[in-house]
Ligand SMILES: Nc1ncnc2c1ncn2[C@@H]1O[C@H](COP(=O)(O)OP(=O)(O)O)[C@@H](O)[C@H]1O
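Listed next as C-alpha cells is one chain, alone, in the form predicted alone.
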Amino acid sequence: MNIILKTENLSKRYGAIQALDGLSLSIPRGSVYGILGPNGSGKTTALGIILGAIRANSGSWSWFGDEPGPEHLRKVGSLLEKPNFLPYLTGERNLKIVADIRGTGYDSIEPALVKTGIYDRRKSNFHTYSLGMKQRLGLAAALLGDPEVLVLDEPTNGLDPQGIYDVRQLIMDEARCGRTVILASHILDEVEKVCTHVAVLSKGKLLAQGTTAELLKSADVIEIAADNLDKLQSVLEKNTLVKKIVRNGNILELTVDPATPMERITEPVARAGLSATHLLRRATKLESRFLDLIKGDN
C-alpha cells in the first residue's frame, strides 16, 4: 500500500508535560485518516510537527516516501487550530495573500469559496465573520492550489449542524477525487461517518490504529433481559464466550466476539429455565471502542 505519511516514534515534551510519546503512524494514500482523542491527547501537536510548525524532541517522519521538505509541504493544504487572517481585509483578499505565500495563483480561490459555502461573503471583511464563517474561510485556504493532501484540525469547530453536514460532504467529496485527508477530531460521530482509518491517542500515546472497520469489529454487544435478572446474570457469568457484562437498568449488555453465534448465548439461558424478554444484537460503535481504549490507558 502506498504510504503518504509515515511517522516513527515522534515525541514532544513541554516542560513536565509529555505531549507526544513515541507516536508511529502509517497513513495510506487516498484514505480519510482520523486522529481521534480527547482534548490534550496530542493531536494538534502531532499535526504541528508534520507540518513543520513545531519541532519534535525525537523521532522522524516522511512525506510521500521522502524526507520532509518545502517541496512536499506545497502538496499539502492545512487548517491547524483556529484560522488566523487579517481582520480588516475581505475573505477574498485574505485568500489572495495565502495564494501569494504558497505560490499557487488565484485560479483556485473561487472554487474553494464555492465549495466551503462562503462565496457570497467573499467581499466582507474577516472581522465581520462569525466563528463558523472563519472556519469555512480556513477550509477554503486549505483547498488553494489543489493539494494532494488535506490536514484538518477540528474542521467542524464552531459550525452549526448544517455546517457540520456540509464539511462532512466536502471531506467525502475530496476523498472521492483521490485526495488524502488527515483529520484530527474529538467528535467520535463525525470520525465514524467519514474516516476510512482511525488512530486513537490518549496522553500523547497511540492506543490503536487501523481501518475503521478493523477497530469496530473487535466486539459486538448483545442486550438481553429476563424476568429474573439476577439469575440471568449468574448464568451468563459462567459463559466463557461473554467477555464483559454491564447491567443497564433492567437490561444486561454483553460484550462478545463478532463471530459468536447468538444461540451460543441464548441456549444456556433457555436450559436454565429462563425466557428472554428482550434480545438485541448490535455492532460496536466507535464511541464504545474509544471509551474502552481510553479507560484501559488510565
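This structure is a prediction, so every number in the text was calculated from the model and none was measured. Don't overthink the numbering: it's just position in the shown sequence, from 1.
Although not depicted, the form predicted together with the ligand is the subject of the following passage.
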Quick one: does P268 come within 4.5 Å of the ligand in the predicted complex, counting heavy atoms only? no
Answer for S58 alone: is it within 4.5 Å of the ligand in the predicted complex, judged on heavy atom distances? no
Using 4.5 Å between non-hydrogen atoms, is N39 touching the ligand in the predicted complex? yes
Using a 4.5 angstroms cut-off on non-hydrogen atoms, would I17 count as touching the ligand in the predicted complex? yes
Could you tell me which of 236 to 244, 66 to 74, 43 to 51, 258 to 266 sits within 4.5 Å of the ligand in the predicted complex, going by non-hydrogen atoms? 43 to 51
